[in-house]
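There is one chain below, alone, in structure tokens, taken in the form predicted on its own.
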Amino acid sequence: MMLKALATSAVALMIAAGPALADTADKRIALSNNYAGNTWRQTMLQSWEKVAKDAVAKGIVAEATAFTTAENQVTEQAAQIQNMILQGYDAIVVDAASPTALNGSVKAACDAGIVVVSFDGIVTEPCAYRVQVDFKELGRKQVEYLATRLPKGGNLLEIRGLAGSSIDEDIHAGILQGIEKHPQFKIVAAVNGDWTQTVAQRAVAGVLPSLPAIDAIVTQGGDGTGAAEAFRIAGRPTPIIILGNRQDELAWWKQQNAANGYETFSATIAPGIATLAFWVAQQVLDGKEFPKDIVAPYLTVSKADLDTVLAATQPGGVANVEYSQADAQKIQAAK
């Protein structure tokens, strides 16, 4: 009996000495993603798979599966979330098609005891967590940069993202705030590029014949080289184009800089923010308290670090930063 008691005590000690994550070892986390039609989303899904697969292998969680809707439709994503509720997931991480239209499904998940963490495309439902960058600041920064390059101002072409998304609305609002501070700039046309080079190229090519001289293009990411190609084909001078950290954009910038000293800057939310949302969900399931709104820095590339960032970014990818459990714990500790 004493040997049995000693053995039992040893097992108890090993469990106690094991990872503090044992409380979530049986938890299941799902990713609800509304769109995968560009390099940012594809890189985001790769980051999720890499980090989630490792967390499952280490026994931190039991499952962390990603689901992407076939179309960027609110109704389809709402149905997807309802299915996740029925399947009994413990947490749902959401890149949302709309900041408000999914609130009913998100509230239903919360009411079922499910942790909901939105990121990138956030939701406004109060029960959900929101992990995002300051997209309005990202929009303002574009105009502030242009004010240093073009102090007398000029005509702007605005390339917007997916219509109806919180990201598109916030970056656009930030750009308008920048123009309010620097009224020497004027938006003479706006098109939707859907954060995709091919869509942006078609959209820009469609409006170019009717536009006056364009001094600069404010963007949302994934549209820079598409815009540049539209201007090249039209035989028009290349304006200052704000870029969005895609590998092809950074490679184009390096080529242009070498050829004629072309200058700009590049910035966007890192696709790896999905991994921060994953760890926030896991930590909340583990009983940790977080603020409902969590702001992460966006990733900026300047000429000084262009070569380094480009060398680390795979062709067809996006400059990226992935987060660890320790990063989420630092946020929690600083709340």
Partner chain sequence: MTANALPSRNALFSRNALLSRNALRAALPAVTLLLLLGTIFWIQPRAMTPFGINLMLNLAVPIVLATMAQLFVMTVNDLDLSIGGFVGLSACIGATWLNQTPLLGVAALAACILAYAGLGALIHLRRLPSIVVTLGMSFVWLGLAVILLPTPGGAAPGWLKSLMAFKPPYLPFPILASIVIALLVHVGLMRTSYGAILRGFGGNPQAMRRSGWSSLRATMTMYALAGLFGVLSGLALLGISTSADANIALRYTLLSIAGAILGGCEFTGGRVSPVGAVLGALTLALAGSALTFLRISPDWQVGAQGAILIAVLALRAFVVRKED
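Every value quoted in this text rests on a predicted model; they were computed, and no experiment measured them. Numbering follows the first chain given and starts at 1.
What comes next is about the form predicted together with its partner chain, which is not displayed.
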* Given that the partner is absent here, does T100 sit within 4.5 Å of its partner chain in the predicted bound form, heavy atoms only? -> yes
* Asked: Given that the partner is absent here, does R28 sit within 4.5 Å of its partner chain in the predicted bound form, heavy atoms only?
  -> yes
* Contact test in the predicted bound form: Y145 vs its partner chain, heavy atoms, 4.5 Å -> no
* **Any non-hydrogen atom of P151 within 4.5 angstroms of its partner chain in the predicted bound form** => no
* **Sole residue of N155, N83, N192, T198 within 4.5 Å of its partner chain in the predicted bound form, by heavy atom** => N83
* Which residue, A251, I187, A108, A205, has a heavy atom that falls within 4.5 Å of its partner chain in the predicted bound form? -> A108
* Structure fact -> Per contact check vs its partner chain in the predicted bound form (non-hydrogen atom within 4.5 angstroms), the hit among 234-242, 128-136, 87-95, 220-228 is 87-95
* Asked: Even though its partner chain is not shown here, does it sit in the predicted bound form so that Q73, E76 and A112 each have a heavy atom within 4.5 Å?
  -> yes
